[in-house]
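Let's start with one chain on its own, the form predicted alone, as structure tokens.
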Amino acid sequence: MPVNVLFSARPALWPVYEPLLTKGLTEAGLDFHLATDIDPDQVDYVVYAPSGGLLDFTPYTRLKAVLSLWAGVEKIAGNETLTVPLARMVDHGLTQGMTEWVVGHVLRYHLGMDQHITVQDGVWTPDVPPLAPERQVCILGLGALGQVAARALAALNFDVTGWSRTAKDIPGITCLHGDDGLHATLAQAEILVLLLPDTPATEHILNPDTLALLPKGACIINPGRGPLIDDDALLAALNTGQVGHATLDVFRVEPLPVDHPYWAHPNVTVTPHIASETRPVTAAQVICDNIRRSEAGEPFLHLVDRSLGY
């Protein structure tokens, strides 16, 4: 009997993923049926994105797992009809893209590139930046993306501190956790990178109280999730100079409305959710490997802890 794999994502993605998934499942030696329309009670695996519109998993009585094409699973993790394992997307293409984006913007702040690019007033101002070991970079979130970004920055000799809700141990990185660890991390963050998931526990992790803990003039980089930041609090901190600049890639509403204050603020850089993207070639490899593992009786990779929401 073939393994039935339902592709439930934005229809425009089907022509992209169909040949990649077919190739991967074939190379895995599986007898399979891959389609966008399969009787629910015959589906073994769902390749999933919220854009596919699938909300009720109750009819999928034979389902073994839902395999997400997205790294973020906040739109599905709380679905009470989903009782089978849920795996999120962790692929090296997405990770590489995020690392490049984060490192690029950390270096931009570290070297003061904005000033040299935008201020050409004929005044010779040889302000030499400190070397990387003298710059404190902090990362909130030490999941797959946060760990790789932290290691890349440490490899450039930045002094990197990472914070997570639970204890982590990463060679070369100062790892803190818990409320006290969060406060200590923020208090030293000259450049702060947000790579946390969107959960009830992380919403507005940057708020009036936590923003006040930052060194005055700190820079914020958010390629994680929009709800991590209280927007009004950040704007207020930018206006007082408590926060020197913010580079924001993700927002509560996307596209960011044209009348949003972020667009016009002189100390905000908006990028249109481009920090990283699931790459179909590498994502398909991850999906196919998880199906192969399941059919061979091996544990799934990148399972979501539903109690934590990521």
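Quick caveat: nothing in here was measured; it's all calculated off a predicted structure. All residue numbers refer to positions in the sequence shown, first residue = 1.
One more form of this protein, predicted together with a small molecule, exists but is not displayed; see below.
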query: Interface membership of Lys168, the small molecule in the predicted complex, 4.5 Å heavy atom rule; finding: yes
query: Thr202 within 4.5 Å of the small molecule in the predicted complex, heavy atoms; finding: yes
query: Ser276, heavy atom within 4.5 angstroms of the small molecule in the predicted complex; finding: yes
query: In the predicted complex, Phe7 touching the small molecule (heavy atom, 4.5 Å); finding: no
query: Heavy atom of each of Ala65, Pro85 and Val286 within 4.5 Å of the small molecule in the predicted complex; finding: no
query: Which of 70-78, 151-159, 234-242, 121-129 sits within 4.5 Å of the small molecule in the predicted complex, heavy atom basis; finding: 70-78
query: Contact residue in the predicted complex, chosen from Leu195, Cys138, Val106, Ile229 - any heavy atom within 4.5 Å of the small molecule; finding: Leu195
query: Contact assignment for the small molecule in the predicted complex, among Met98, Ala189, Cys175, Leu211, heavy atom within 4.5 Å; finding: Met98
